[in-house]
Structure formats: structure tokens, C-alpha cells
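Here we start with a single chain on its own, the form predicted on its own, put down as C-alpha cells.
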Amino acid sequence: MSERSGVIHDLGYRRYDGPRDGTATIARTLYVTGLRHTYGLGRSGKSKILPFILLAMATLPAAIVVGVVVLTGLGSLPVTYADYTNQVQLVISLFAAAQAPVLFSRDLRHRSIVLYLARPLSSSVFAVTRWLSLTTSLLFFMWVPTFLLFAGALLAGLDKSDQLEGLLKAVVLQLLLAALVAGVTGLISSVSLRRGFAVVGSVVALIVVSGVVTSVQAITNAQDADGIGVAAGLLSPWSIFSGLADAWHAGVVTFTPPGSAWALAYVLVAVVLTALCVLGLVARFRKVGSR
């Protein structure tokens, strides 16, 4: 039998010798894509329904407040900026619980994570970028009604310095809250690959635990045991937010307001918990990416 020989055909392909984007460009693209996906942009039509319904539910009361203030000429807003965020915490929590799995569960469930973690993108960059996307989407969710209230206050001719002070306090508190909520829901979603389990876990962490903490604080306040109530406030992102808002005189009243030392502890716990959640995300994606 004669030996078969192979033939090489020149199809005219040329090697790419232009500029190559690095990790920063990939992370930036991933961040923007993640931010868009939390609101269903670039996805199917039904993916946009829930986030925009929740956003409308969070914004509509602010629009009504603005209309009342402008039309009736009230001398002040009936609710502070930080307190408004606290009042719509259920809607914000539902948004975080529903959209965190979009960023953290789906890629793990479908094993598309191995494509993301191909060089030069590392698992740590992926985890932090996803967390930043969810944090930013939560901030946008909170800032839309907040700045609507601020615009309405200026339109009604309310004192600019007072409104700006209240706005700045609310923005700082919202930054801390968004980072913590994104970390908690992101970590839960990265462990619970099924969307339903991830949503339930996040609802328990944000809504159920917050309700339990509020009940404990109300009971301890009635029993003159405020120290226990203040300590219990460290167990929930929302009780940390409301406690700091009360301590900072941002217009939120709690059953057991923390003193200056406790307020510092609230800040430290929020920062440490956020950092631990992000480190947990990094460890989770590093483990999955190494398989």
C-alpha cells in the first residue's frame, strides 16, 4: 500500500497583529454588561418586567410626595431622603434578591463561567466586577427616587442647604447599604445555583431577619434593655442602615438608637461584612474556575 501524504492549503488567513485589550477593558465590559442585565437590558422582554415594575413601585411614592409639596406649598418634605429609602426597603430587597442570581447563579449553573475565567480574566476580578455591577444597580435603584425628591424640594423652593445636607447623608448611607446588600445577596446566589433557592435565601437574609431584628428592638425598648436591641441591630443590613441614619440625625427613628461608640461599631461591621462577602465570592469563583 502506498503511503498517504497530507496537503497543506493556504486559505489566506492572516494573524492578528493589532492592539490587544487587557484585563481592564474586559472588566469594564463585564461591569457594564452586568449592570445592564440587572435591569433586563440586552436580554429578553420578560426579563425587563420585574426590575422596572419594582423601580416604578419605589419611585411612584416619591413622585406623589413631590406633587403634594409643589402644589400645596409645604415648608418641608414629609419624609427625609434616608427615611424614604428605609420606607421602601421591601421593594429594594426584592429587587436585590431577584437580580443577584442573574449575575452570580446563571453562569455557574450553565458552566459558562469557564469561558469568563479564561485568560487574562482572573476569578477575583470576575467576582469583584460582578459585585460592583450589582452595587451600582442598587445605587441607581435607590438614587432615582432620592434625587426625584431632591429635585422636587428645589422646585418647591425649600432651603437648599438643608436639602443638600440631608441628600449627602442619604447618599453616603446608601453607598454603605448597597455594597453590603450586594455582597450578601451575591454570596447567597453564588452558593445556591438554583434561582429559586437563591431568591428565597436572599429574602430571608434581607426581609425576614430585618423583621426579627425590628421585633427584638421593639421588645427590648419596652423592657428598658436597649443595649440588647442595639447589639441586635448588627445582624441585618437594614437595621445597620436605619441605626446609622438615626445616629447621624438623617431623619430615621429607631426603637434603640445607637450611641456614638455603637455607631462606629455599625460602620465597622458593615465594612467587614461586605469585605467578607466579597472574599467569599472570590473564593467561590476561584474554586469553580479551577475545576
Partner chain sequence: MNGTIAKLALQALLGRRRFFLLLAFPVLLIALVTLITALTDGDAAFDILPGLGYPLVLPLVAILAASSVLGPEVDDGSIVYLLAKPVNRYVVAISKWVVALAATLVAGSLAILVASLITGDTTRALGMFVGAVVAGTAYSALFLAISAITRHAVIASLMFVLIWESLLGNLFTGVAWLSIGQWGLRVGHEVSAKLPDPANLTWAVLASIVVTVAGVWFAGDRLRSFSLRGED
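Here the structure is a predicted model, which is why all the values come from computation and not from measurement. Numbering follows the first chain given and starts at 1.
The form predicted together with the partner chain exists for this protein as well; it is not shown, and the discussion that follows is about that form.
Chemist: Using a 4.5 Å heavy atom cut-off, which stretch among 262-270, 53-61, 246-254, 233-241 contacts the partner chain in the model of the complex?
Modeler: Selected range: 53-61.
Chemist: Can you work out whether V208 and the partner chain are in contact in the model of the complex, taking contact to mean some heavy atom pair no more than 4.5 Å apart?
Modeler: The answer is yes: V208 has a heavy atom within 4.5 Å of the partner chain.
Chemist: State yes or no: in the model of the complex, is some non-hydrogen atom of V200 no more than 4.5 angstroms from a non-hydrogen atom of the partner chain?
Modeler: Yes - in the model of the complex, heavy atoms of V200 and the partner chain come within 4.5 Å of each other.
Chemist: If we define contact as a non-hydrogen atom of the residue within 4.5 angstroms of the partner, is L71 a contact of the partner chain in the model of the complex?
Modeler: It does not: once the partner chain is placed as it appears in the model of the complex, L71 has no heavy atom within 4.5 Å of it.
Chemist: Can you check whether S76 is within 4.5 Å of the partner chain in the model of the complex, heavy atom basis?
Modeler: Taking the distances in the model of the complex, the answer for S76 is no, it never comes within 4.5 Å of the partner chain.
Chemist: Work out which of V171, L132, L148, A98 lies within 4.5 Å of the partner chain in the model of the complex, going by heavy atoms.
Modeler: That would be A98.
Chemist: Taking 4.5 Å between heavy atoms as the contact cutoff, choose which of L167, V128, L90, L176 touches the partner chain in the model of the complex.
Modeler: Spelling it out, the residue with a heavy atom inside the cut-off is L90.
Chemist: Judged by heavy atom distances of 4.5 Å or less, which residues of 204-240 approach the partner chain in the model of the complex?
Modeler: If the 4.5 Å heavy-atom criterion is applied to the partner chain in the model of the complex, 204-240 yields V204, I207, V208, G211, V212, S215, V216, I219, Q223.
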